[in-house]
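This document opens with one chain alone, in structure tokens, the form predicted alone.
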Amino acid sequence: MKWRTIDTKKGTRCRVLEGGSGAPLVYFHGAGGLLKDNPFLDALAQRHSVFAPEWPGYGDSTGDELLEDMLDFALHGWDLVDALGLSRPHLVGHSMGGMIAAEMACLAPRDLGKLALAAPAGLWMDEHPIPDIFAMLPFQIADVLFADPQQGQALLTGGADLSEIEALKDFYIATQRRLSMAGKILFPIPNRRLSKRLYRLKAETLLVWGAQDRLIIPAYATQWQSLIPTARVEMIDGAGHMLPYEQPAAFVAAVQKFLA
């Protein structure tokens, strides 16, 4: 897969990782951004034309000052689809990206193919409050994101040793830049009244969840399904919140079966 940069009509400039052939699939990453290696995207590209844009404020993408609220993010998603020249792509989103993909599907229910959401943010249950990642130190984040925190820390840091002050500083700065952008729609709680709009969602929908998710626990899958009665749920063992990275083969198998 290769990177290219596209401009939207709104004035954002976004880097997009793309490759493969077949029906178009747009993948929206979560608050942590795309990692150094994204094997699940390579696998999805074996059957689809995959486009994975970085949100403004992530990587080399710019224009984050133009996105202020949930509507801005959702419209930006459709602006990206338009700039890529795609028609009715499948949308796949993880965590924050799943929240935005669902909003996009509610805004323009006839403009997408199928919708696959991996542990999406966007709902809130008082009996199951979502941990505040914005209050965590960098070395604490992996504990809530991964079933195996040690493996997860290596994935998040690209193998960097956070006991070294320079590596810790670089990781902290990059993390804070991403979270400052994500905080516009996730802080203090990821509730932007999406639940009131899900009735508009028409796309066939898959909910994929890590059985060991400690950030947005599997009880939220049930809540999503209650609001999207036609949605199907796929639980993946051995995976926490970062299931596309922790169990890429199982994640890809579930998505490809759904899209077939």
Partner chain sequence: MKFTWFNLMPWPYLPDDFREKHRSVWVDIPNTLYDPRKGHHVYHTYLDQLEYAETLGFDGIGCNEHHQNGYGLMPSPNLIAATLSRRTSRSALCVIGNSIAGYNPPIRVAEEFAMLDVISGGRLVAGFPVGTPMDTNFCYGQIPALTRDKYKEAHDMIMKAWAEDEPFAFDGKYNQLRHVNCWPKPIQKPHPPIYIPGGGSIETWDFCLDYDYNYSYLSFFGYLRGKSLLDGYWERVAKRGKDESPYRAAFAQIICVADTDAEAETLYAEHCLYFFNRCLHVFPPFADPPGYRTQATVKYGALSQLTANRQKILENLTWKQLVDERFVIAGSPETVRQQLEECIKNLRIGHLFCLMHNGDMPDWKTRHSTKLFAEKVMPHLRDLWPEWKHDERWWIHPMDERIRPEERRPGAEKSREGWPA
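Numbering follows the first chain given and starts at 1. Not measured: the values here are computed from a predicted model.
One more form of this protein exists, namely the form predicted together with its partner chain; it is left out here, but the text below deals with it.
Trainee: Test of understanding: in the model of the complex, would Lys184 fall inside 4.5 Å of its partner chain by heavy atoms?
Mentor: Flag for Lys184 set to yes.
Trainee: Does at least one non-hydrogen atom of His128 fall within 4.5 angstroms of its partner chain in the model of the complex?
Mentor: Looking in the model of the complex, residue contacts with its partner chain do not include His128, since no heavy atom lies within 4.5 Å.
Trainee: Residue-level question: is Gln151 within 4.5 Å of its partner chain in the model of the complex, judged on heavy atoms?
Mentor: Contact with its partner chain, no.
Trainee: Wondering, does Arg88 line up within 4.5 Å of its partner chain in the model of the complex on heavy atoms?
Mentor: Because no heavy atom of Arg88 falls inside 4.5 Å of its partner chain in the model of the complex, the answer is no.
Trainee: Only one of these stretches, 79 to 87, 118 to 126, 175 to 183, 103 to 111, has heavy atoms within 4.5 Å of its partner chain in the model of the complex; which one is it?
Mentor: Contact criterion met by 175 to 183 only.
Trainee: With its partner chain taken in the model of the complex, which residues across 113 to 138 come within 4.5 angstroms through any non-hydrogen atom?
Mentor: If the 4.5 Å heavy-atom criterion is applied to its partner chain in the model of the complex, 113 to 138 yields Asp132, Phe134, Ala135, Met136, Leu137.
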